[in-house]
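Here's a solo chain for you in structure tokens, the form predicted on its own.
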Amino acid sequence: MHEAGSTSRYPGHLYTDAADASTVSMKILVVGGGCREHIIAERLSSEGNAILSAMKNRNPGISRLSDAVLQCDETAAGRIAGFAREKGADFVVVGPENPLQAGIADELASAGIPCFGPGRDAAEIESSKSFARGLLSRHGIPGNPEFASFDSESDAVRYIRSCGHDVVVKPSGLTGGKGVKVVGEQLRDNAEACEYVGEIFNRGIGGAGVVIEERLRGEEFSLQAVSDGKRLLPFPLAQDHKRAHEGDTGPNTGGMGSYSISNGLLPFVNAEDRNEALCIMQRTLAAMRSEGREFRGLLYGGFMLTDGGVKLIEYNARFADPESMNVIAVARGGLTDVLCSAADGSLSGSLSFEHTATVCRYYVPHGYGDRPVKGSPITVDEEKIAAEGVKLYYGSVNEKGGKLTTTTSRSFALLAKGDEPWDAAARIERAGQHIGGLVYTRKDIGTREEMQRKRSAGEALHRV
């Protein structure tokens, strides 16, 4: 564990194949109905806890693990707190960002129920991009690109027109990972960026505020760490794939899949890069505490390795989706103990990590990212998928009479381990033969060819 604001170097992860530590049985409510919450519920159940769940869509995997299920809007903080009291929940783990923004942790605290997830004020590190950028700026924390925040369309447009560089346009609030647009990718030029700013304000996307940033070039990576407000316990690194189609093309999505490698780094990230990212997170944690916004929960930094070092793309206030599946799958030790101790401000316990690579690939409805096909039947042979050595985690699906259909969001994920990412990817390819329906996945995630491209990209960035 690492003290917030510490300047000591990150000593690296301990890797082991040791069995999970035993934990005291509890009754734990998991809020959220996606793949991320499925693997969290599975892990907490495996540690001897009874599971309760609250979710919008009735996730079949989570439902099977649960003693009781509340199907409701996940931002209905009062209703969920009432359910927790009624069922005698000892602890609550919040998966998605929207309930945190809605103040579910504060509502549970008022009810005397401990929760893993920050209060509304601390969750603003994710729910307000302008707050996050301003925090780093106020405290002199490195990692910020050139940026400016606006609550006026005309001021934002004037700023973009004065820029001598390509920009990134970010709605200030939450957009499910789909609101950011980059000149040279989703936007042709800065003139089109001005048009998108108009759309944000006219449609109220992400709360009718906008952050304009200098476009960075490099490779993105995710660093997740459990925090008790003072210390950080980091997980291995993972890399997400936001674009809908192979070769990183198509619209932004909530994430099409991710991978990790056996040493806890990435093909393009070395230990010094990771230390730099962790230091930014440590200083951010100290800054939050100094401003009366102590952060207890999962702090997740989305970073980019550039030719000028490590830069912060954004912060999130919860486990990543899909990257949480990669890191929880290789974690060994009592996750229950770690989450509970973080929630009460006294982080203890330990996690170690298997020396193995992982690949996670989402299966999504045809048209996902633009016009996803809703209500289409899906067939999933769970036994044959398991026989391939692959784990299945359900996401946003509807189940009726034992039949599965798509929603407009990601349907389910397949996760595999291997000595190398391409070994895990090959297992997923074989398991994919046991899936039917109008769903697709990105088959380039974790391949040998992709890993070579990532390695080459890292070499080029480090040479500059």
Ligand code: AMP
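So that there is no doubt, residue numbering starts at 1 and follows the sequence shown. Just so we're clear, the structure is a prediction, and the values are computed from it rather than from any experiment.
What follows is about the form predicted together with the ligand, which we do not show.
- Distance criterion of 4.5 Å from any heavy atom to the ligand in the predicted complex singles out E314 from the list D337, E314, E246, E388.
- Proximity to the ligand in the predicted complex, taken as a non-hydrogen atom within 4.5 angstroms, holds for one residue of E294, E354, E220, D106, which is E220.
- Shown alone, this chain has one stretch from 343-351, 226-234, 178-186, 284-292 that lies within 4.5 Å of the ligand in the predicted complex by heavy atoms: 178-186.
- Using a 4.5 angstroms threshold between heavy atoms, R274 stays clear of the ligand in the predicted complex.
- Taking the partner from the other structure, the ligand in the predicted complex has no heavy atom within 4.5 Å of any heavy atom of E124.
- When the ligand is considered in the predicted complex, K129 lines it closely, a heavy atom lying within 4.5 Å.
- Taking the partner from elsewhere, E213 is found to have a heavy atom lying within 4.5 Å of the ligand in the predicted complex.
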